[in-house]
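In structure tokens, the next block holds one chain alone, the form predicted alone.
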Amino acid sequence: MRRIAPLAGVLALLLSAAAQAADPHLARNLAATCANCHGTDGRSAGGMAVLAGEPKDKLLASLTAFRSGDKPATIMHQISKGYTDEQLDLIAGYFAAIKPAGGAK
């Protein structure tokens, strides 16, 4: 019985990771929390940075800097700490792939 519990835990983690990888909408779902401040699909109407269409590497660098505390912010430090590196990469890729309002990119 002692051997089964750790194996069950490892199996649960593997299944959870596989379920996330299999979700074609995972990036969109993770990025949905950003809409509260940055607008639907990162198309801010003003007051907050527009995320839609920004280069992925720039977005990922900002998210990483928020998480480490190197970039000043009011709430992004707490929000970014709630995501794994892989999730931040998905979020940055999602916004980079969206055309900004007006189709500028």
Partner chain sequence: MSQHTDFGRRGFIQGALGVSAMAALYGCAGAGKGKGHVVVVGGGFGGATVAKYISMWSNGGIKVTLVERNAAFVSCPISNLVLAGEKQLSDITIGYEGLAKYGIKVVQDEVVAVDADKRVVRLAKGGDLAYDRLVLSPGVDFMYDTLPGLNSAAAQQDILHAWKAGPQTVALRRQLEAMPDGGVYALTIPKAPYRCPPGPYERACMVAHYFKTKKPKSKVLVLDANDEIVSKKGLFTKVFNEQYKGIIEYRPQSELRDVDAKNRTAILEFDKVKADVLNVVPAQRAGDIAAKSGLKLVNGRWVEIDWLTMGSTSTPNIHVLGDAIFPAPTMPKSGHMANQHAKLAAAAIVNLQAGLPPSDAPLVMNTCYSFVDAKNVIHVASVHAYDPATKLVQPVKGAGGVSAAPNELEGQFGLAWAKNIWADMLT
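These numbers were taken from a predicted model, which means no experiment stands behind them. Residue numbers count along the first chain shown, from 1.
Omitted from view is the form predicted in complex with its partner chain, to which the following refers.
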{"property": "Proximity of residue 63 to its partner chain in the predicted complex, heavy atoms at 4.5 Å", "result": "no"}
{"property": "Residue 53, heavy atom within 4.5 angstroms of its partner chain in the predicted complex", "result": "no"}
{"property": "Interface membership of residue 59, its partner chain in the predicted complex, 4.5 Å heavy atom rule", "result": "no"}
{"property": "Proximity of residue 86 to its partner chain in the predicted complex, heavy atoms at 4.5 Å", "result": "no"}
{"property": "Those residues of 30-46 which, in the predicted complex, come within 4.5 Å of its partner chain by heavy atom", "result": "30, 32, 33, 35, 36, 37, 38, 39, 40, 44, 45, 46"}
